[in-house]
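Single chain ahead, by itself, as structure tokens, in the form predicted on its own.
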């Protein structure tokens, strides 16, 4: 399925805005963004609709050895749309989650071992050193911008996304376009990653939606008036 590109509405960035951005960039610090050290490319599909598959470019930083957080864009270009985010945790941290929470997370073992999760531009030998760790992790993804359907602004409710778990799920034309663009072979990488291993206890049965679809929907509720909330401090 091809992603439908849409122009973001609005006036072009003015020279004055660009000058102001340059000035503030020279003064302010961007600690969280500067910690980003890694670009991963993978594919996500909507947890309620596997036919909607999205090329997802992750720009990631470590919180610590057992957790990463990634900004997700629809491309690696400077004008890319920020479409979502993903958290990656170790198997140990994943197992501490409540069972209902586990269903929102997906495994990375197939993505890594099949070769479809990769680091653009990084030699295979180098990227495989880190992907051997990613292979054992779980991720939780929400997409805020449904750019694949042509939305020119982030519309609707954020949707939970899932990842590929077996052969035959990824659209062949989507795979071929990415392979051609980056000059890589998923099949060759699959061979090179054959010795990698996933979670030590195997992929948890509740991960990946527990084998079922998941959809986030909007629901109206009554909001408790502020005056009815007990005050601890007056």
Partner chain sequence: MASSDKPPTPYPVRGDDSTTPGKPMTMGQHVLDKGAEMMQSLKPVKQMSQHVCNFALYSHDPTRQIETHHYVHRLNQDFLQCAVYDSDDSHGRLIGVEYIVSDRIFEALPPEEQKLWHSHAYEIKAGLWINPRIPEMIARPELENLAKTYGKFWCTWQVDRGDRLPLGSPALMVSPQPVNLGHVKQELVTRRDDKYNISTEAIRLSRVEIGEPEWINPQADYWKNHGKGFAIDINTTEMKTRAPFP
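Residue numbers count along the first chain shown, from 1. Worth saying up front: this structure is predicted, and the values here are computed from it rather than measured.
Another form, the form predicted together with its partner chain, is not on view; read the next lines as being about it.
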Does any part of residue 103 reach within 4.5 Å of its partner chain in the model of the complex? Heavy atoms only, please. yes
Determine whether any heavy atom of residue 44 comes within 4.5 Å of a heavy atom of its partner chain in the model of the complex, and answer yes or no. no
Could you confirm whether residue 178 comes within 4.5 Å of its partner chain in the model of the complex, counting heavy atoms only? no
Mark residue 31 yes when one of its heavy atoms lies within 4.5 Å of a heavy atom of its partner chain in the model of the complex, and no otherwise. yes
Which residues from 87-126 come close to its partner chain in the model of the complex, meaning a heavy atom within 4.5 Å? 87, 89, 92, 93, 96, 97, 98, 100, 101, 103, 104, 105, 119, 120, 121, 122, 123, 126
